[in-house]
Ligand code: PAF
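What follows is one chain in structure tokens, specifically the form predicted on its own.
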């Protein structure tokens, strides 16, 4: 695996064949390894699997501490190398987020759900992802379904701005307790992880009911999680670009201690 930092180094290292891209913010875990595994199967012998690690300051709100986001450089590189990554790109903010870059505004969907609790988050995310795509020019990009709203917005943006780019969705990877793997899980104590495991259990029960959102809230309350800790539990209809993930999904955000956890499930 080759590691590069500057845009010039990256572009010198890119192959002319298929480029499979996994953009991340680091703090890599088994969920990211699954994205890379899927990417490697797409790249095959003639393609190139590229992973970027960039903690994007544009998507942190005024109440979120950018400096406290977990940064695990050595273990990140080990995981990527072990997953068959060909090229790891570690861009700097100064070079990547150029003053003259295009700044994107999220569509209306980005102002709902996470957008209500993190104003401007998706503007910053789309701006950075657009910039990454412009530079790497991938044929495929891999994203997890756990961050469903992000995935939907990226697919919609790619349809407009990168019509030849295929956005591959990979279902959520979970731990032995059913908890969706996330970089945020590093903030949970051992006891909080046990509590957080109730989220997936409640999702699975809710998916079989006539009113999934209400069922989810009720079952979390029965598990000892107060309704006030649930930022949202909503059923959303999937856009045409995401019908491979089902026609409807229940999306939730739950606060366990100081940590906000996101999850979702397809509905029958």
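Positions refer to the first chain, counted from 1. A quick note: this is a predicted structure, and the numbers were derived from the prediction, not measured.
Keep in mind that the form predicted in complex with ligand PAF is not shown, yet the notes after this line are about it.
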* Want to guess which of 155-163, 70-78, 106-114, 122-130 is within 4.5 Å of ligand PAF in the predicted bound form, heavy atoms only? -> 122-130
* Report whether the minimum heavy atom distance between residue 86 and ligand PAF in the predicted bound form is within 4.5 Å. => no
* Contact between residue 48 and ligand PAF in the predicted bound form at 4.5 Å, heavy atoms? -> no
* Asked: Can any non-hydrogen atom of residue 150 be found within 4.5 angstroms of ligand PAF in the predicted bound form?
  -> yes
* **Contact of residue 215 with ligand PAF in the predicted bound form (heavy atom, 4.5 Å)** => no
* Using a 4.5 Å cut on heavy atoms, which of 14, 253, 25, 250 is close to ligand PAF in the predicted bound form? -> 25
* Asked: So, 185, 187 and 264: all three within 4.5 Å of ligand PAF in the predicted bound form by heavy atoms, or not?
  -> no
